[in-house]
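Before any questions on how it binds or moves, here is one chain, the form predicted alone, in structure tokens.
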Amino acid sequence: MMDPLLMNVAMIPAVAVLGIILGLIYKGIDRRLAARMQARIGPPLRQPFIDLKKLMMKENIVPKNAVSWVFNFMPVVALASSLMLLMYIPFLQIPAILAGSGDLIVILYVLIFPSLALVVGGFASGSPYATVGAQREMVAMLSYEVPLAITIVSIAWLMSMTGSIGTAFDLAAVSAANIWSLVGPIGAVGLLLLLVVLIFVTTGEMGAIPVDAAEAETEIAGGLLAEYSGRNLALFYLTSAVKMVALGSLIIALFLPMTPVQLGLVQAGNTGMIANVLCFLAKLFVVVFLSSTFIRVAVARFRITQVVKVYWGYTTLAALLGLLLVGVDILLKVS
């Protein structure tokens, strides 16, 4: 029997490849659905794979005024950190490879790196458009990290009060506990608010409309990515695809962990495994649709001042209200 450590090492490239392929597939679905919702035909579902192939074949141009080694290294950092996220999050029927007692805290830190790589790459390009985009991305990043942190802390507090303090930031423990079963009606409303907050934070993390002020083509010619081309742009494209899958998987692990086998709908075994995988893909589709497709079609682009107002104002207040309701529910149970 293979050693568990060697098995985990062997699974890393498999998870990375699956994450990339699934991310590109969902990007294609996202673009096609958005087009149909706008009464357009839209591109074929395989369009992201075609775009990636074209970018890989094109020349990789480095601007004359760029800091070349930083400019070329940041796309690698962005993709590597996005793939690293998948190693800490249960994915399909694959347990988190790097699961641990504090992996939710690690996820919070690792989530910063793709956006930070975009910012550094934009500054390193020497382009005024990219510089403006980098400044906007920094502001947006600081905005949506606040409600994200409140959401994670709320769930950890709930786990610590109803279970073991040692597993409060353990994603596998949170997923296994099914947090909806730990609260009453008041806490359920709070968790629903936190779920909505996390979905909207996912929109910001992916840089999708309406919070794509850092890449606004009509204002700053693509912003952060204005000077990127060829393989470097392809790596950032892959980063976006993988990050979509990672964030969707995080939402599923935190709020939607139940599977058909756990619900008793199918028997365990091969049939159960297939049902669980299909259920995961369906839940991931719903999350991507709500956090990207629907909101992109329904809402126009925000100005950067509006991004800050929405995340530091309304979204943070909603997260705090969710935290308060969860806290009230815990106190009622204790008393």
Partner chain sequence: MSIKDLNRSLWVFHVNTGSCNGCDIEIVAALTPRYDAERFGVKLVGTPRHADVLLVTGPVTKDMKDKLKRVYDQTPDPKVVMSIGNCGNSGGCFYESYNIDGPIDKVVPVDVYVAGCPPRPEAIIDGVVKAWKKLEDLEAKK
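For clarity, every value in this text was computed on a predicted model and none was experimentally measured. Residue numbers count along the first chain shown, from 1.
Unshown form predicted together with its partner chain; subsequent notes refer to it.
**Q** Sort through 227-235, 174-182, 109-117, 250-258 and report the only stretch with a non-hydrogen atom within 4.5 Å of its partner chain in the model of the complex.
**A** Selected stretch: 227-235.
**Q** Using the partner position in the model of the complex, report whether Ile61 sits within 4.5 Å of its partner chain, counting heavy atoms only.
**A** Yes.
**Q** Please tell me whether any heavy atom belonging to Leu33 falls inside 4.5 Å of a heavy atom of its partner chain, as the geometry stands in the model of the complex.
**A** No, Leu33 is distant from the partner.
**Q** Can you check whether Thr271 is within 4.5 Å of its partner chain in the model of the complex, heavy atom basis?
**A** No - in the model of the complex, heavy atoms of Thr271 and its partner chain never come within 4.5 Å of each other.
**Q** Is the gap between Met56 and its partner chain in the model of the complex 4.5 Å or less for some heavy atom pair?
**A** Taking the distances in the model of the complex, the answer for Met56 is yes, it comes within 4.5 Å of its partner chain.
**Q** If you apply a 4.5 angstroms heavy atom cut-off, which residues in 276-293 are near its partner chain in the model of the complex?
**A** Residues within 4.5 Å: none in this stretch.
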